[in-house]
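Quick setup: one chain, the form predicted alone, written in structure tokens, and binding and motion questions come after.
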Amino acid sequence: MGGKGTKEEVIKYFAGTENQRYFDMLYSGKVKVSFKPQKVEKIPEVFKESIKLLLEKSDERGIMNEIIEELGMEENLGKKPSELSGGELQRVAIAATLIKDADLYVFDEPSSYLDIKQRLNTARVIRKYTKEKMALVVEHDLILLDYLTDFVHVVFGTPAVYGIVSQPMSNKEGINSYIGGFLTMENMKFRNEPLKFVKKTAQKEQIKEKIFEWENMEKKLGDFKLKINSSEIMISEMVGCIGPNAIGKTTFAKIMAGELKPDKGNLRKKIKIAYKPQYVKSNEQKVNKVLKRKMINQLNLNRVSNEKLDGLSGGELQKVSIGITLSQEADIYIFDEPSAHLDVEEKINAARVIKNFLKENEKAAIVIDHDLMLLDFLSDRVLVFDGVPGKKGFTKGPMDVGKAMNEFLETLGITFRRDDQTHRPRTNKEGSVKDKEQKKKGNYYI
């Protein structure tokens, strides 16, 4: 489609398809759209009143109270947007979008700032309240996208240069095509190698040499108390950390990195730790001054290599931070939410860079993240965090990926199966035959 994409050109391009009818209706004002923006952190700049008043003004469907309850927002109704965290603002934005009376609901990155439990619950709520409507979701969490959608468009190209949108496919076909890097319908290859998943429910061969171990530890921060069970990490091993927000994962990382001292117990020996914190800071240094050319190439940062850090996007800054961490001389590398702000392609590449680095240098890593598919791809074992968010937390493991995921997903009441083509984890629709069958057998992750 050439030109500037005028209404007439769009309609002509889709002539004879169902899309032509939709765009005819859209341009004639017959389609009402409710849109959730990407940058929910901007909400406090626009709305100054309480969350309750904000939602009451938007409630055109009369379902505000139900959605508030289902998204767990009751405690925040009296607060102003400026008093909320990123995850709380995300749920406010999703609620405000859903309670409007519209024909089409658009959600731009609804998973940002949400933990795994919140992501899956939010997906259930979105699907429930758009059941008789049309919905469009732009998302980098492939598990969430798989759970939410019926059809998928794959968008590919060169960032900041051009983008191509594929024909619609079933969600299974679309996501598998993206993972494989090849579109059958267009006969087009857009990635050199597919992303490969391996079924990890069986005990893998034990890596014999320990690189580090820790004893039972405890740490209290205000009203929150974390208990860490004794365990170890092996050479070349990647340990993933899974659990809800405010359960102690970042506190654990800071203890391991030496930024916090436990109240009870100790790390058994001193080793070098490289730590990428959850919140990445910028400065006026240039990318090519903080990273070597090899790391810039590996993380696809060539386009911004001469830019200052404080002028980068969130995703670019995240990749720089990953590179800086890997550039340090250390025994263990700790990454707190390395997938934040990264699109799917960037997540895949960053995961490969980290895995290859550990293998080549015989190091180990601990990764905290909310993207289940990324953890499944990266992890050799998983450390599960359980307890009551904001009050108490405790660790279990590290254990086999399959066992860890099974224990965690059982607490959420959600089952996963393996895709028969790519072996990627897929969420079963709640109440489906497969969902009921796996729950009956206690197999929440297979």
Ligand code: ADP
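Note that residue numbering follows the sequence shown and begins at 1. Worth saying up front: this structure is predicted, and the values here are computed from it rather than measured.
What follows is about the form predicted together with adenosine-5'-diphosphate (ADP), which we do not show.
Checking N361, S327, N245, S282 for any heavy atom within 4.5 Å of adenosine-5'-diphosphate (ADP) in the predicted complex turns up a single hit: N245. Residue-level contacts in the predicted complex: of N121, N171, T250, N349, one residue has a heavy atom within 4.5 Å of adenosine-5'-diphosphate (ADP), and it is T250. Contact annotation: F182 falls outside 4.5 Å of adenosine-5'-diphosphate (ADP) in the predicted complex, judged by heavy atom distances. Taking the partner from elsewhere, Q278 is found to have a heavy atom lying within 4.5 Å of adenosine-5'-diphosphate (ADP) in the predicted complex. Mapping the unseen interface onto this chain, L221 counts among the residues with a heavy atom inside 4.5 Å of adenosine-5'-diphosphate (ADP) in the predicted complex.
adenosine-5'-diphosphate (ADP) in the predicted complex comes within 4.5 Å of a heavy atom belonging to G390. Note on the interface: of 222 to 230, 172 to 180, 372 to 380, 341 to 349, the segment with non-hydrogen atoms within 4.5 angstroms of adenosine-5'-diphosphate (ADP) in the predicted complex is 222 to 230.
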